[in-house]
Structure formats: C-alpha cells, structure tokens
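Below you'll find only one chain, the form predicted on its own, shown as structure tokens.
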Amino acid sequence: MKNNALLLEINDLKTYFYLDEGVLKAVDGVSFKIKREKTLGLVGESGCGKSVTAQSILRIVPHPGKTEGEILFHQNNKKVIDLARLDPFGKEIRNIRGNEITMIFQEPMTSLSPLHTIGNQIMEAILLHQKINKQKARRLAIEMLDKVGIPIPSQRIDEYPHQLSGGLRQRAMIAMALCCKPNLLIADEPTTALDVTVQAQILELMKDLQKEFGMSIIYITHNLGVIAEITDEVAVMYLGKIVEYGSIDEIFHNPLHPYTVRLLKSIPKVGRKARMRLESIKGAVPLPLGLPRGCRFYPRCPQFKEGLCNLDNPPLVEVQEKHKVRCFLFG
C-alpha cells in the first residue's frame, strides 16, 4: 500500500552556522524517515534545532548557514532527489518548494505580507506551480479557504492579514500551504499563538486535510499534548541531535532517555493536588557554540556518570523494535 512507501529520508543531516565567534552546530547529525500519509513529530525545547531542520529540508537556511548530509525526497514518479545537493536558488528546488513540499510558519502575522490580500498571496502560489489563468486560480483559492473553514471565503479572499483574527490567519496560511496539494507539509509550531479552543480546531482540520489529500506531515512543537494528538512517530531533539526516536505509544508509555522522561513529567496532569509544583528540568538549553565533550544533556542530567557521560557522546542505538535512544544507560 502507498502509505508504507518512503517519502523523505534524512541521513546524517548537519547544518552549521559559521560565525565570527565559532561554528554554531544547529543541527548535528540528524537522521530520520517519514512514510507517505504518516505524521512525524519533532519535539524539544526552544533552540534544539527543530526549525533549522525544517529550513534545511526546504533549502531556506539563512546565511551563513551551510547544510551537509542527505535529504532524499521520493517523488511520485519514483524518482529520488537529494535536496541537499540542489542549488537553494535553482529552478529544481523552487519547483519542489511550495508545491510538493510546503511549510506553515510559526507566526502567520509575520509570515504573511501586510501589503497584499490573502487571495493574492494564495493565488501567487497557485499560479507559480500550476498552468492556469488568474480566474481559475481565484476560484481554487476561494475553494481552499472554504475547505479550511474560513467563513464567507468569497469576501475574505480580498481582505488583508490585519483584518483577520489569529485563528483565521493561521487557516489562511494552511490554505496557502495546501493549495497545490503537497506530498509533505511541514508545520512549524502552527498553533503556538492560538488559544486552546482554536488550537484544537486547527489540529482537527490538519488531520482531516491529511486524510483528504493523502499527505505526510512533519509537526514541529514543544507541546507534548499536541504531539500525542496528531503524530504517529516522535523524534525528541536536544542541542541539534535526536536523543530518542520511536512510535507515539513507545515515547509516551515507555520513555527511556532522561530528557524525554523529564519532559513528560513536566506536563500538567488532571487530578494533581492543588498547589503542587510541576517538575522542571534544571538549567536551560545552552547555545550550540563551542560545545564541550561528552553527552550534551549531561550538565542537566540527574543520572550523569562521571568519566563516561562527560567524555564521550553516546550513539543512537535501537533498544527495541523502532525505538532508538542516545544514552549510555542503554548502550
């Protein structure tokens, strides 16, 4: 069946920023696969490399960032393209970006142009990748706005982003991302700025559209509740590396890495006694610049082993079927 086929395969992806202060290793040796019609969640604290991973796939890493490794994209015609070898400004990647692979950015107010109507921005994406006239492009844009649940789409299409609420702007961003019916949608924290009611509506909308279009999704967030709701597999990132990878059931019911365990313990739970403090992870994610030797989580890890964790970086090993962890406790 089609949904067992590979869509995207990332091998040893590295995205480094060469700064005056040194080399900032935003993404450092990340590998994962995503199958057709499946959803992969990328989770971790701010600064762990989630968004840069997405930018690397689309080849939109800002200067002075450079990307190495393999980003193998399996197209519908069974052709495999290594996106990492394409010119970021070339015709081939521009035909894929916004057409076969699209992205919903984190904050729609800053991602949408304030000078152009919602309709013009959606129509631009359609006209760029489909050989149709403006009238048909406008009809398609109205249909997509209706599909994502925007009321009176024939009127909203001529409005500017500042005239829409946060939830409607996010729906307009989703409409723009899906107007060409992509194979892969990358959603970079698309519900962060929304209240929980609208957030739930957006998540349901994305699941419905995924079934309708048969697309895969990479969902980037630091919200584990959202991850539980929408994903099939989860990759937990810390300081540019994947520290745990597995199915949603394995990650939530059998977390192995000390970082994953503490992330899950920090989630508020129904039934917790009043005035009880939530568990937290001591410290913060350091800047990935001039990192010391050893496991990158060891300065914050309560199970840290002197002479081991601070000297070597553990490999990502498969401890159970389709469940991998990067920790010396499971070497």
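In this text, all values refer to a predicted model and were calculated from it rather than measured experimentally. Quick note: we count residues from 1 along the sequence shown, nothing fancier.
One more form of this protein, predicted in complex with a small molecule, exists but is not displayed; see below.
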Looking at the partner-bound form in the predicted bound form, is residue 287 within 4.5 Å of the small molecule by any heavy atom?
yes
Is residue 68 close enough to the small molecule in the predicted bound form to count, meaning some heavy atom within 4.5 Å?
no
Is residue 50 near the small molecule? Define near as a heavy atom within 4.5 Å, in the predicted bound form.
yes
Even though the partner isn't displayed, in the predicted bound form is residue 24 close enough to the small molecule, meaning a heavy atom within 4.5 Å?
yes
Full three-residue contact with the small molecule in the predicted bound form, heavy atom 4.5 Å, for 247, 315 and 330:
no
189, 146, 100, 232 - the one with a heavy atom within 4.5 Å of the small molecule in the predicted bound form:
189
